[in-house]
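Form predicted alone, single chain, as structure tokens, below.
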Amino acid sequence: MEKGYLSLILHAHLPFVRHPEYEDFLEEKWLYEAITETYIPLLKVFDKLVEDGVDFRITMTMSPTLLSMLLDPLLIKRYVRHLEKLIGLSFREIKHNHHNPPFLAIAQMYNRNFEEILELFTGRYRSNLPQAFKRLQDLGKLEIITCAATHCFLPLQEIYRPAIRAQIKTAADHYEKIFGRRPRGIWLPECGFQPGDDRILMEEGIKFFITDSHGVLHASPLPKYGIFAPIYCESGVAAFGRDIESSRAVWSAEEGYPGHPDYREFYRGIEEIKYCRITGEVPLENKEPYVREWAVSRAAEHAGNFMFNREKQIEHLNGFLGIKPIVISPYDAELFGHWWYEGPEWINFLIRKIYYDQKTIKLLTPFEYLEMNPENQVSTPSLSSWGFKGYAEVWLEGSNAWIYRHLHKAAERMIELAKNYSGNTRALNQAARELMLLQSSDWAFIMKTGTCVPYAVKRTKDHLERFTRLYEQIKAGTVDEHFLSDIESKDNIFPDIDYRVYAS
């Protein structure tokens, strides 16, 4: 009989990037790389576990923006073209490295991988990855949870609560259309929680959310079991707190597994073909060739180490707390495969070792834990996020503070439109789309981190300008149909959106 539970939670999210006005667009590669290196490799692992009769549980966010891109015919077509280019590149690399055996073996590995990914995507998965993940959910192995509609950092939108409700309701409706039922859980963007937002979750039928550890540890009243059992908000929605110890072992490049010298180096290569292993603290030009066998062996070793540490952690907690604790281990899904190339293999080894090699831990989803333990302490989590320093600094500081007066004014204007105007439904719905895309936390995050800043600034200004033009035209009763059609074709997210969600 198990002594406690481990809940692995993978947060799969990308901002909505779709540019039909260009034949090729650099930032669309964020999606293509994630499909090739993360989403399909994870599906391969999960499908093989099912085929082998290995019971497992994984919780996975699929954000509405990501789902929308994965189902978009234009992006699907462009992804296939991207894969075909990678296959061609790998053939050229094989030819180029004909007299360099270590690099030749690596180029051949990528060639096999790209060809298999193309066959899986167009064949087994029929170019529809959400349905492939849905199958795993229907089998009871995967719990897919939602996110705010465009990954809006909700605590900084608190001044206009109808805008928060619009983000949550639109996401839940979108989820239901794709997966056939309401979502039972939600990943609040950046784990950003503001007391009171749980009531909106409750209204949409959501049963639980994930917060950072200090959000639960600073709850009022203090939680008896810390982060190792959920707490119920007064609304009845449960909050699960992140376990720092297990999280750091995986996501930290300095302290965790991904920084080991045997793993693939992310920063040296051509496109998705990377030739070197991390090697150690040496310049990029001095990195040594990647040896796949070493890396896979190391992933198995690290999976065993992680399981051993969780066994000891849960044994200690069981004896100390007198309950079967749940350890919540959330990560960005794109860590596994894209940033940490061997990450999917690590997950595969970990699940198999838990299933075959021990009896202390059982994999569980948060919802299953609530079903097994319906009575939990009532307490209010504190304002928190999983960003640097734990609150809102990442999304509100010198590089990005300028955006918020515009976001707040646009939200105020959208509420005004929803309450007072009803004539041009197309224009009103498109105004809601532009506001939601403007509210994406990704733009502020990019401004803070300093990567692709011009693109993030341009996206912010573009959506603000489009929203403002629509607002003025709707109020004047003279909507420019050519302009409306143009931005409808570009920003085509949420075809079933209802602008009246802002009126409540």
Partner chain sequence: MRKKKVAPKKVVRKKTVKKPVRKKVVAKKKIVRKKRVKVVPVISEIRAEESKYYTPKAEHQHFKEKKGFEFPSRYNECKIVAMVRDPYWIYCYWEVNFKPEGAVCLRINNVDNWEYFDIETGSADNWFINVPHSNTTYCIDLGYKTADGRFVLIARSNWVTTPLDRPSDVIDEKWTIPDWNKIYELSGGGKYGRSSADLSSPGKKFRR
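Residue numbers count along the first chain shown, from 1. The structure presented is a predicted model; accordingly, all values stated were derived computationally and were not measured.
Keep in mind that the form predicted in complex with its partner chain is missing from the display, and what follows is about it.
Only one of Arg242, His174, Arg78, Lys287 lies close to its partner chain in the predicted bound form, with a heavy atom inside 4.5 Å, and it is Arg242. Exactly one listed residue, out of Gly398, Gly322, Gly280, Pro101, brings a non-hydrogen atom to within 4.5 Å of its partner chain in the predicted bound form: Gly398. Checking 429-437, 137-145, 244-252, 118-126 against its partner chain in the predicted bound form, the stretch whose residues place heavy atoms within 4.5 Å of it is 244-252. For the marked spot (Phe25, Tyr232 and Lys458), a heavy atom within 4.5 Å of its partner chain in the predicted bound form is present in each of the three residues. Its partner chain in the predicted bound form is approached by Tyr267, whose closest heavy atom lies within 4.5 angstroms of it. Remark: Leu156 counts among the residues lining its partner chain in the predicted bound form, judged by a heavy atom distance of 4.5 Å or less.
Although the partner is absent from this view, Ser220 contacts its partner chain in the predicted bound form, with a non-hydrogen atom inside 4.5 angstroms. Although the partner is absent here, His408 is a contact residue: one of its heavy atoms lies within 4.5 angstroms of its partner chain in the predicted bound form. In the predicted bound form, the residues of 366-381 lying within 4.5 Å of its partner chain by at least one heavy atom are, in order, Glu371, Pro374, Glu375, Asn376, Gln377, Val378.
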